[in-house]
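This document opens with one chain alone, in structure tokens, the form predicted on its own.
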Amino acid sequence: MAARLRFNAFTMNCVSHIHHGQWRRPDTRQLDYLDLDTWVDLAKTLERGKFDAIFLADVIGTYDVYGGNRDVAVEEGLQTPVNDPSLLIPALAYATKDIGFAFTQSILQEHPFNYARRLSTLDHITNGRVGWNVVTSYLEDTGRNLGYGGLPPHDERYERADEYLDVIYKLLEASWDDDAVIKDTENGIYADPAKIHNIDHVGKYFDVVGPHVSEPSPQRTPILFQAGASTRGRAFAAKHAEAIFIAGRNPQGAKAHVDEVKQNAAQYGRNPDDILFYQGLSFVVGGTEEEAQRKKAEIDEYASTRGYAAHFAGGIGIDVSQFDLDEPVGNIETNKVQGIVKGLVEAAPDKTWTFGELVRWATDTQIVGTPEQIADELQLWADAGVDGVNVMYHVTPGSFEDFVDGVIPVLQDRGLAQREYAPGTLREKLTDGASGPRLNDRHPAAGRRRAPQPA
């Protein structure tokens, strides 16, 4: 792999994504998330900055753990309301030429036969610039609303996901031969029926006969992203993912995660170097240190601690409303706190922090400084084995504009950011042309392909 870092703009089709409270500011367009021009303008800005992709997060439930209800999430606009991310992609692709589009969709929310057609359609109309972030969902009401009677158990969701991807691979990789589409206008034959096949999948969760109803797209299977953090989730990512999102607190923590997944990938017969690792980071960019700190102070002024707390509670499934957000964490008796919350309190770098500040710290790895200082920090992450960054915004498009105009030129001068896009599909662009347009032969999906038949 090249030494450069890849950059995704991490965003969501909602009001408040990661940094809660900032939507109230006059210098953000978060309230315009329903306006298509807002998204098109952002895509053009990011393409000007040679970002590799726009990564669209998603949930299909509400954050209803904090206080035992969804009230705080609704009041904060905390990923509620939220719109379908995939429906933005056609318009953004039409307005751009090279930038990619990765979107999140849960394996619980749509039957794989129908979803395979959605993937093929998006891959066709974007000329192969699509990626799928495979998730298994974590919000309890997701399972209730989709007819599962609640969220299936954690490991069962990954078992279902393994089969879901197996069906997707069979449909996208094996149903149509490469030369099935012949477009013979003279004889009136668009495709050869003998080269289109049923998949005849019979499994624990899905029965799918096939064939796939769309012809092969530029990537066949869009590039696969994954973000599982649990032991089971990391194993799933090592088996299937081409790009993995991580959340290290520092470069050393990121390196440990990268090394673990690479070791797991080798056990599945994959080349560990086939996997790209993306760290989530927020940036506060200033022309001087003083300006950067001034911007950070403004961010802190608008930050909603209860928004962060409600987000955190939903993510871990534990109601933390029992803790006073203004209470110093040094006052919390860890012997009375269980599990994840106990670990968080004990890990606090500063025991004078309030619980609200601690929760925010747990969800935000932030770099504050001049472009040169930020570039220095990013070099440390790259040295730790990180291949890319999910750039999280405080305000949009302002946070992204600051990064594009201030940081990207410095990174380009240091060889840490691309100056031009590689040709081809998103898969080819992310590997700077080292990979072909489709999943390589080392990926599990390759085992689902049909052997070429003699002419």
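Quick caveat, the model's predicted, so the values are computed rather than measured. In case it trips you up, residue 1 is the first one in the sequence shown, and so on.
There is another form of this protein, the form predicted in complex with a further copy of the same chain, and it is not shown here; the text below is about that form.
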Can you pick the one in E291, D155, D179, E215 that has a heavy atom within 4.5 Å of a further copy of the same chain in the predicted bound form? E215
Considering G388, G61, G424, G49, which brings a non-hydrogen atom within 4.5 Å of a further copy of the same chain in the predicted bound form? G61
Flag this candidate site as yes only if G203, F245 and A303 all have a heavy atom within 4.5 Å of a further copy of the same chain in the predicted bound form; otherwise mark no. no
Quick one: is Y33 in contact with a further copy of the same chain in the predicted bound form, heavy atoms, 4.5 Å cut-off? yes
Any non-hydrogen atom of F113 within 4.5 angstroms of a further copy of the same chain in the predicted bound form: yes
With the partner left out here, check for me: in the predicted bound form, does some heavy atom of N145 sit within 4.5 Å of a further copy of the same chain? yes
Indicate whether a further copy of the same chain has at least one heavy atom within 4.5 Å of a heavy atom of V82 in the predicted bound form. yes
Region of this chain that lies against a further copy of the same chain in the predicted bound form, out of 226-234, 188-196, 258-266, 273-281 [heavy atom, 4.5 Å]: 188-196
Suppose contact means any heavy atom within 4.5 Å; which members of 103-137 contact a further copy of the same chain in the predicted bound form? Q109, E110, H111, F113, N114, R117, R118, T121, L122, H124, I125
